[in-house]
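This document contains two forms of one protein chain, each encoded as structure tokens and listed individually as structure 1 and structure 2.
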Structure 1
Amino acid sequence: MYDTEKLGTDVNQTETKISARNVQVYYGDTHAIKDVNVDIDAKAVTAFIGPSGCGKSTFLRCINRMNDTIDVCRVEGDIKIDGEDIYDKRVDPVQLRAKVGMVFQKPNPFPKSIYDNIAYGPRIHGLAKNKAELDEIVEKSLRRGAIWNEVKDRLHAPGTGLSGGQQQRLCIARAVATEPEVLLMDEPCSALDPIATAQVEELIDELRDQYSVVIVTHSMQQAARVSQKTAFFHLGNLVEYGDTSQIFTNPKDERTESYITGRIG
């Protein structure tokens, strides 16, 4: 696993990080994702767009196997990260999730202090040798989450006492604290004001240097601003996938066109 990762850094820019083949997801009898094939680039931002309920979150949750926690959910097909099948029997989802971080659609800070929210991940993965290192990780992560200035004086206040937007940035900071290789973000900016949104977008752009970022968003402008690739989902199908510039200027499918021009949604 380590070797492949090293390889990836040497090879050209459009190396594939995640590749999905014939992915089907069922919630009981509901067929939520229908035969999705997609290759997600390393060191790039990929945006998932599509109307509500089309399966963006569902597909995102397949990538770090969060769907395992839903009893009725069944995933079929192959998803590979760095060429390794993540649904292989030998894969421990816990190890996978340390490598594939996630920011959830609804902010869900732990009911603990702001400091502990960030420090939890590094602690359980043993990323810091001592308190000073942990402090450093916490500060760095909070800065990257664009929330450091607001909370630096109250690191030991409960994370749940923050505003909705602050909580979401705290969750982003928590997700980057464990240094994942892939970061999945489910509508990270839906509760943020334009200033915080701009900061988060800046962060995403920065993360692109090292990580693969997949972001679900309902904002076309945001998708256009931050992503290099865009995937358009509709009713569980991946309708169109390509370079962001192409999707927004010259969509091939008419459903994509109607959606981005605001005619379906």
Structure 2
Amino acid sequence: MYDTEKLGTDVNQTETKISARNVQVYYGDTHAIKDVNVDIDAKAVTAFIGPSGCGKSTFLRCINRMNDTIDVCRVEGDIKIDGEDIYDKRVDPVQLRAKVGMVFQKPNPFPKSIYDNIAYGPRIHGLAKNKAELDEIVEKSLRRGAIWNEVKDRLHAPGTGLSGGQQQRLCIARAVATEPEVLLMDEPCSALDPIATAQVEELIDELRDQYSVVIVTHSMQQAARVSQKTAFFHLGNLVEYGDTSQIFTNPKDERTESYITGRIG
């Protein structure tokens, strides 16, 4: 079991963005996440790896309270972003999700124009006073999503008309349009071909200058390429967490080693 206090000396001392203590998640009577304690760094990419059904996506969805939308789901424990309890009754989940953007497994552009896909969040959160400001947010977000040059001449064409890789970069641009501080990605490349995957991975590397990125991935190669920290989940437990290079070359727990070498998974 990963113990924050014990491991603190092994992990580089950097600013913590997200802090979780004794997090439990239940789906009805099923105990899906057990005693998770972790500090996630600011302006770094943290990868969650582990076999299917191990709890990594469930824990990811705790960070922006997406599990609130599931009737039978119950979350216990503390999760703080910048020291603020995100499960405090005074916290509006809608406002929280503007601060904590999310990109899903399958690209899911809205059935709207490319422009309106990006403009939607800033509009509902009142981030632009006028059309000129909205235009600026749209362009900046599309540039951050590394797709501006491909779409700048067809902003009013439907987002659904783009290729899969372009749609996923559009969804990343849409997620950053509300100026979030944290970006959650749930297997963002699993539906993409190798070329589109490489483009999205390059983009993730660039985004960590401005955001704290947490990515769930089934691909250990991807975790090794894009992340600075890695957390290994197994059967609802956070087994091990540390620098990515250490997790992959010198894991402390034999379950981590078994997963990385392909003996479990």
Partner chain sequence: MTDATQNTGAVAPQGSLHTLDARTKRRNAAEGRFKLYGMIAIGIGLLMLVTLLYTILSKGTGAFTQTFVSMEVELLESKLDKSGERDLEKIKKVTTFGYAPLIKSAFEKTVEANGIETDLKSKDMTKILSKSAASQLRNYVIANPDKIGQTIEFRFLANSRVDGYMKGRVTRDSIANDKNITPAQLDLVDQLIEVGALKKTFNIDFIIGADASDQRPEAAGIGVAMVGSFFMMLVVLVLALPIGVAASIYLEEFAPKNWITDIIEVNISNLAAVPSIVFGILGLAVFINYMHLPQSAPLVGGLVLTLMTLPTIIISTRAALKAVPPSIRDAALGVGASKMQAVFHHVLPLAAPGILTGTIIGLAQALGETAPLLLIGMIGFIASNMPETVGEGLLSPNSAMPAQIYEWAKRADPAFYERAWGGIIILLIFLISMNTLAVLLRRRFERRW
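In this text, rigid core is short for the largest set of C-alphas that superpose within 1.5 Å between two forms. Bear in mind the structure is a predicted one, so any value in this text is a computation, not a measurement. Please note that residue numbering is based on structure 1, beginning with 1 at the start of its sequence.
Note on provenance: structure 1 matches the form predicted in complex with the partner chain. When the rigid core is held fixed, the Cα atom of residue 153 travels 2 angstroms or more between structure 1 and structure 2. Once the rigid core is used as the reference frame, the Cα position of residue 127 differs between structure 1 and structure 2 by 2 Å or more. A two-part rigid-body description fits the chain between structure 1 and structure 2; in it the smaller part is rotated by 13 degrees against the larger. Core-aligned Cα shift between structure 1 and structure 2 at residue 179: this is 2.6 Å.
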